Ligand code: P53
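As structure tokens, one chain now follows by itself in the form predicted alone.
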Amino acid sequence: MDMSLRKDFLWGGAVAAHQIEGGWQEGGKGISIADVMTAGDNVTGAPRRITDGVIEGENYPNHEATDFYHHYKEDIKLLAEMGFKAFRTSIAWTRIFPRGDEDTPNEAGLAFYDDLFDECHKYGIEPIVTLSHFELPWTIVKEYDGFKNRQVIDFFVKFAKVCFERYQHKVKYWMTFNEINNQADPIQHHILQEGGILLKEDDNPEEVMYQSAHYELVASALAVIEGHKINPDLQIGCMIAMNPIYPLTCKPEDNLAAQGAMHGKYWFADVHCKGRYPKYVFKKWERCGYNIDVTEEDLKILKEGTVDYIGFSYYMSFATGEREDNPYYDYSENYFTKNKYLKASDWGWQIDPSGLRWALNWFSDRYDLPMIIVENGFGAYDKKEADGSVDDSYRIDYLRSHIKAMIDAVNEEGVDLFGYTMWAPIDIVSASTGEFDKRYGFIYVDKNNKGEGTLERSKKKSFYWYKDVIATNGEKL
């Protein structure tokens, strides 16, 4: 079969500022929501906790993270050695506006990203930048109630405009909100990461989610509009967490349940890409009696601020079926069932490369926009040998099968795909569990769940494998 990946395909890797940078109080940086989240533990089942500010004696893994803030030149050089064409990261809002509501940005924070992007360009690596990746300012949470407050739209747009103006000649590809649709399951963890909201006792979490998400979507559309005014050549996309939801059986009601779950998780993409809400969202609000503040001006902004491309993450798929306690086929992760045809990681994430091909076609059929896979990876317990090597053949197997599915979607169905940035090329803090032992990288970082280690970098077996993949534009897997 002839390869059809474009010659300028953007092979690379992806991280988030709060999971890699550290330096949480350096360069004038303020406290973000990630800075008040403790470490969890997959072995004991202990979840990450959200503390009221930073409390002495707690383990906050994002404070130092992988210390990219001081190691970025060394790390970018390692990515360049693999042949990276692109590096996706985020700009920590609290480095630019430490509180989130200042009139004037923090020059030291702006300068750090200038230096980082310059270092990428030194090796011919294209930066791909997310504006908000689970790191809203803590002040926005405590003093403004996050995106429950319409005023926060203005704070985000100001932040976006400062970034677009400063880096317009260094960064071509942007995304607004990372995995904005994770909050479709409105548990506290998701609501805080996405919307900067601490739920109150009398809150209806789902109603809060819809209101917060609406304000975020308006903020995203305004950012797209303002970014294109600053520089029409900027490509500004969305970032959707994609987990295809299959019917558990061929029973017709199971198919309706899967369709309902897809509706509940992916209406965000309709707003981003089509500039309008699907009708079933309004019907849901009506049925539940939700009073969501949506103005005519908002709807006009959403229509005008549609995205240029779709960025999405893909790790796994889900399955669901009919349930007596879910007569309207609503979305909830509590309704998902293990798919007997799939194996899973140590964290229970089901491994489904065919789901990636399905996802690419779903996006292509629905929106007909260019796409980039900006997260896809395998979290695992890696063992470092005495000689410093790590045999992570299981990671190679996972990535190989998913990249093959990606290439098949391009070759067989003609999907418009311009890049693949796996998650994450260097071991970092897990966003969901706060662990270091849940490793994704091609590059091992000497640090454990307790925060102990030298931070020394070493290359895993997958480092050399991915180098060959990039060098052959995916021909050698």
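Just so it is clear, the structure is predicted and the values come from calculations on it, not from any experiment. Start at 1 and count along the sequence shown; that's the residue number.
If you look for the form predicted in complex with the named molecule, you will not find it shown, but the lines that follow are about it.
Shown without its partner, this chain lists 176, 212, 90, 182 as candidates; in the model of the complex, only 182 has a non-hydrogen atom within 4.5 angstroms of the named molecule.
Of the candidates 272, 133, 357, 95, 133 is the one whose heavy atoms come within 4.5 Å of the named molecule in the model of the complex; the others do not. Within this chain, residue 157 is remote from the site of the named molecule in the model of the complex, having no heavy atom within 4.5 Å. Under a 4.5 angstroms non-hydrogen atom cutoff, the named molecule in the model of the complex lacks residue 352 among its neighbouring residues. At a distance threshold of 4.5 angstroms between non-hydrogen atoms, residue 445 is out of contact with the named molecule in the model of the complex. In the model of the complex, at least one heavy atom of residue 440 sits within 4.5 Å of the named molecule.
Residues within 4.5 angstroms of the named molecule in the model of the complex, judged by any non-hydrogen atom, belong to 313-321 and to none of the other stretches in 217-225, 148-156, 313-321, 389-397.
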